[in-house]
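What follows is one chain in structure tokens, specifically the form predicted alone.
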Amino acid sequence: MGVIVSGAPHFRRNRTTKGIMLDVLIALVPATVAGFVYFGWRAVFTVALSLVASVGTEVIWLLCRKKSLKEIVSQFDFTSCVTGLLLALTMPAFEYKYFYIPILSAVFAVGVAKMFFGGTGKNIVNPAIAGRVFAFISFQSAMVSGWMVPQFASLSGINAVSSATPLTAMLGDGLGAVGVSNLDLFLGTGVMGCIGETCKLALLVGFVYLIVRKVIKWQWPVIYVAVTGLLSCALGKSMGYFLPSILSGGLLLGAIFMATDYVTTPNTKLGNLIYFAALGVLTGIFRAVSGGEVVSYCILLMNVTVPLIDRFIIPRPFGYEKKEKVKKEAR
């Protein structure tokens, strides 16, 4: 009887990259729909441009690599769709004159952050995060001035802050300047922000779906969010900062859909514990120092440290036995 020798992995599941990406897209549907409802056609316009540019960049890249259309279609795994949608959800609902921002950002995210490094599974940073940082650095004025107040008024009866997002107001002037209640922050009513980060209820619906489908583990985003909130309370010297800090900005969107990316997270449980706790610490400190949103920068920074974490925290090989210490005989 012959012995079959094969390379890792030796344990296989029926889950495929295409199936996982489809689950992520489904999980993003509630936040996307909420963005469309809250911000109208400008949100639809931004999302459509980002999606088309992302998929188009991947197809053009593969055509330049002399792949046939048949090969491209058969091997299409929807990762560029996830990148394009996530990137759009981290942007404001742009006016039509800013059409070039989601297009160029998507080209950078897929072309540079993903395909340049070899494609799916070989990127060293999350492509959507890279595209968002590229957009903010390259088009800072448009990114900052593009905030829209949702079409639904604040439930608390207080007008939304017109000069800054609730997170910026909280960090800059204290809790009293947020201008909306925690319920408003949770539902996204009367709250300015990016297309996909505004309605936290929609994000949590997607989070539950990913947990049920066993795409991600619930503890890692929870650790990230909890550490950020607790550190914000410690730095602000008040427990009143906890809910506003976790419900403001893009923390939940980043924690659930970006920080949990398989490729850019450690391979071990201990490594992930360090990774997500460090993310929370960095986010809390950088928010306090900068007075603005820093989730994208913190995730990007921690993505770069993953190879270092994996180098020093090595999983125990299957079947490993601890060598017994041999006592030296006294001479």
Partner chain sequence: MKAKDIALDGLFRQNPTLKLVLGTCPTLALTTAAMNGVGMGLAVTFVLIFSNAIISLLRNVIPSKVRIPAYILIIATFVTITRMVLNKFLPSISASLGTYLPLIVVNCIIIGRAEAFASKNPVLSSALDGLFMGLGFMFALTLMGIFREILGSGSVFGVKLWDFSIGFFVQPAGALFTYAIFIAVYSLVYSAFLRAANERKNKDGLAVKGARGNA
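Residue numbers count along the first chain shown, from 1. If you're wondering where the values come from, they're calculated on a predicted model, not measured in any experiment.
Here the subject shifts to the form predicted in complex with its partner chain, a form of this protein not shown in this document.
Proximity to its partner chain in the model of the complex, defined as a heavy atom within 4.5 Å, holds among 134, 186, 242, 209 only for 134. Checking 104, 144, 205, 72 for any heavy atom within 4.5 Å of its partner chain in the model of the complex turns up a single hit: 104. Annotated contacts: 100, 108 and 139 all touch its partner chain in the model of the complex [non-hydrogen atom within 4.5 angstroms].
Contact with its partner chain in the model of the complex, defined as any heavy atom within 4.5 Å, is confined among 86-94, 216-224, 232-240, 109-117 to 109-117.
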